[in-house]
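The data below hold one chain only, encoded as structure tokens and taken in the form predicted on its own.
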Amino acid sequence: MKKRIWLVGRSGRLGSALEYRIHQLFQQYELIATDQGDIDILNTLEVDRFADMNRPDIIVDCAAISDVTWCEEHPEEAYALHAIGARNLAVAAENIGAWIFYLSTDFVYSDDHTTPYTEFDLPNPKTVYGKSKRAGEMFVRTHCAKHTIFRSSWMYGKKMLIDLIAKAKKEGVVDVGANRIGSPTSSLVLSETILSFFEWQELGTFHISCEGEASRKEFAEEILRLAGVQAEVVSGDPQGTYAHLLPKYSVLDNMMLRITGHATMPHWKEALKDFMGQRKIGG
């Protein structure tokens, strides 16, 4: 029988990539994809009824608002979505015997490292976004025995690249703000890796970021190089009221993938080139 997947948060960068890929695998999976207007994941009874009626084998929680400024200015809404929503989905998954996958972030770490964070390093988030996602992780671990938590870094989609290229073409210069360091990760690579876990069903927390590290400046320069666009990339002061809270270094080490014997992630430059080719971005 086909596995039934309940994808929560279908309109986001990762949710849309996952929905697209699962539809291609319709012979293996039956997809139920929902968004905010379809079901209120903050309503415990509504979530329980929906899960009981549809009986998914797997629940994937992609529901998130990653805008740091919005989260800092709306902390209760951020905790409600990232923590209470995750709790409700985890409880529903436990009640029907489903496996839950929760998408978290590199922002659960601070910036006191100069080497990549492994899954065994202690989280210490500074932003409301990071703290609320960390709370979601803890609820999922507590309330559903069959769970996998994913942390990724600097996930990008098509719109982000198109906007950057358009700005470079128009103005001839791109300001990336503070030159933070992370692991740029393609939403396509993430979706493929998460799909693999549908079969592996490994319990625990996994980092799934592209290999290697880059500064914001290096990342933008590589995008423009692949697009064939000549423009200056500059870095300077943090942009935004709360930018000083963002980790300066948040590179993730995919140690759990390696020690459990699963495939490694591609290097970020390789994944970026493949993404831009598949999405027909640039020259």
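Bear in mind that the values here come from a model prediction, so they are computed numbers and not experimental data. The first residue of the sequence shown is number 1, and the count goes up from there.
Although not depicted, the form predicted together with a small molecule is the subject of the following passage.
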{"item": "Triplet G12, I41 and A64 all within 4.5 Å of the small molecule in the predicted bound form via a heavy atom", "value": "yes"}
{"item": "Listed range touching the small molecule, judged in the predicted bound form by heavy atoms within 4.5 Å, from 243-251, 218-226, 29-37, 50-58", "value": "29-37"}
{"item": "Contact of I100 with the small molecule in the predicted bound form (heavy atom, 4.5 Å)", "value": "no"}
{"item": "Any non-hydrogen atom of W154 within 4.5 angstroms of the small molecule in the predicted bound form", "value": "yes"}
{"item": "Contact flag, T105 vs the small molecule in the predicted bound form, heavy atom cut 4.5 Å", "value": "yes"}
{"item": "Close approach of L81 to the small molecule in the predicted bound form, 4.5 Å, heavy atom", "value": "yes"}
